[in-house]
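Okay, so here's just one chain, in structure tokens, the form predicted on its own.
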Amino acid sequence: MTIEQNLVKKLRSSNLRPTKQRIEICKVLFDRERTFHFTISDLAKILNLNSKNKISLATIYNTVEILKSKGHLKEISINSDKTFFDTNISNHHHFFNENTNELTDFYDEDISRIKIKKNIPGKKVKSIEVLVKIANSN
């Protein structure tokens, strides 16, 4: 199966019609060797630099939101005005560099065991994902 066929399958499984614009969005997101962390504005810049046809911000936003809701992307909220999306949907942790606005993965083996001492009645811990904010020491 070609990459384009896989992307069409991913879009259809998300109840999205595989338009040229959506396939192009998916190519940028999923046709890569490494994890991709991005904001909607980052993705829009990449798409509109590399695309022959302009893709509207609404199409980008709606496609990303639906892919997220179907489990193909993970959302990482840095603060109230900065949200990243991640193509690596496994449970893992992140460093956020406040100087460069870059998000970097790290994994359970990179940290000591985390023990949660508080229980919330009627709830269970689904996953633990750590966000470590870093900045230049100067």
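Throughout, we count residues from 1 along the sequence that is shown. A quick note: this is a predicted structure, and the numbers were derived from the prediction, not measured.
Another form, the form predicted in complex with the DNA, is not on view; read the next lines as being about it.
Just one stretch in 104 to 112, 87 to 95, 51 to 59, 30 to 38 has heavy atoms within 4.5 Å of the DNA in the model of the complex, so which one is it?
-> Of the options, only 51 to 59 has residues within 4.5 Å of the partner.
Can you check whether residue 82 is within 4.5 Å of the DNA in the model of the complex, heavy atom basis?
-> Because a heavy atom of residue 82 falls inside 4.5 Å of the DNA in the model of the complex, the answer is yes.
Using a 4.5 Å heavy atom cut-off, state whether residue 10 contacts the DNA in the model of the complex.
-> Although the DNA is absent here, residue 10 would stay clear of it in the model of the complex, with no heavy atoms inside 4.5 Å.
Flag residue 124 as yes or no: does it have a non-hydrogen atom within 4.5 angstroms of any non-hydrogen atom of the DNA in the model of the complex?
-> It does not: once the DNA is placed as it appears in the model of the complex, residue 124 has no heavy atom within 4.5 Å of it.
Within 18 to 51, which residues have a heavy atom closer than or equal to 4.5 Å from the DNA in the model of the complex?
-> 18, 19, 21, 22, 40 sit within 4.5 Å of the partner.
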